[in-house]
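The chain below stands alone and is given in structure tokens; this is the form predicted on its own.
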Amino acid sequence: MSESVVDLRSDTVTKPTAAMRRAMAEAEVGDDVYREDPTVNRLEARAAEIFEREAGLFVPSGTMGNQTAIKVHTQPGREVICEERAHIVNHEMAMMAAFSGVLARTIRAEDGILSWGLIAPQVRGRSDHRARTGLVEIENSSNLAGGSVYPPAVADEIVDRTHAAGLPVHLDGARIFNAGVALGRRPAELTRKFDSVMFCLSKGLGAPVGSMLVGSKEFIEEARLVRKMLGGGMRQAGVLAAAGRVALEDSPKRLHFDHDNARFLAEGLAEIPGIQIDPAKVVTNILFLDVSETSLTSFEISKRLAAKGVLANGVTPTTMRMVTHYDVDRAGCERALMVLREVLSVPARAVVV
């Protein structure tokens, strides 16, 4: 990363490492639609092995992975129960309605963490008036809830009770490796009860492109067809899968640095007048800060920061999000705090951006 820019907008902005670039350049390739790309095949097999599943599927994006799973699990006219801030509701372009013909039944939960007690009243069976529940979905870690993670017992109870009700459960595990590091648990331990799991290679793991779906052989065979429907049938995709394989093997080992940097940022932010944040709630690499007492909107602060080489997005007029990743080191975090103090110390009308 250039020393002139500290990019805290997301962990999606990471650049591929030298090892990833070498792997891409040397990748053995074939036509993946014919299932002849050996590098893709090895990535899918390795993902399945790590998650202790029968099969895996390489998809271009997390959104495609989630929406593929929803399509396989549901029927048109059903509802998908999820938390109010779920990625599938807020950042996937209403695709579950447009493609699968299903609606979201959202529930607000503290820190984005659902429980069976919250879900149970929303589960609907056959009715002449109400849509039937078709799927329960949870997100771990919960992006828009500040990177919070599910206690394993809570997630297991949700899956067990949902299965007892005759329904499948999908996990949006875009950052499940971050959750695993925070909890000190292997991804397979956290996810084995779910009917399907999506996780991203292109966020904290740092690959340039791609996500994975894992599940039973039967589920993945159906998902492969849906991927093709969505335009995700790629050809010599091994050049992408090669970077994903490096990310899968190497990147989880260093995610704790990102978590440490996020906590360092949160502790520094808590000391800045006008900023409200609870560092104790920062458990992975995502943090949200309340700027309502600064006399500036988050978007104005974002512009001021960008002018000084620090990138961070406003989410609402009073809230900003920052995300740590391997392209921002401790010095970058220190610089971000210094610049934020500077821009908040200047009266609004005195700044021209």
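Don't overthink the numbering: it's just position in the shown sequence, from 1. Nothing here was measured: the structure is a model prediction, and the numbers come from that model.
There is another form of this protein, the form predicted together with a small molecule, and it is not shown here; the text below is about that form.
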query: Region of this chain that lies against the small molecule in the predicted bound form, out of 187 to 195, 86 to 94, 269 to 277, 241 to 249 [heavy atom, 4.5 Å]; finding: 86 to 94
query: Heavy atom of Thr133 within 4.5 Å of the small molecule in the predicted bound form; finding: no
query: Asn143 within 4.5 Å of the small molecule in the predicted bound form, heavy atoms; finding: yes
query: Partner proximity in the predicted bound form: Arg227 to the small molecule, non-hydrogen atom cutoff 4.5 Å; finding: no
query: The small molecule contact in the predicted bound form: Thr294, any heavy atom under 4.5 Å; finding: no
query: Candidate from Met212, Val149, Ile158, Ala174 lying within 4.5 Å of the small molecule in the predicted bound form - any heavy atom; finding: Ala174
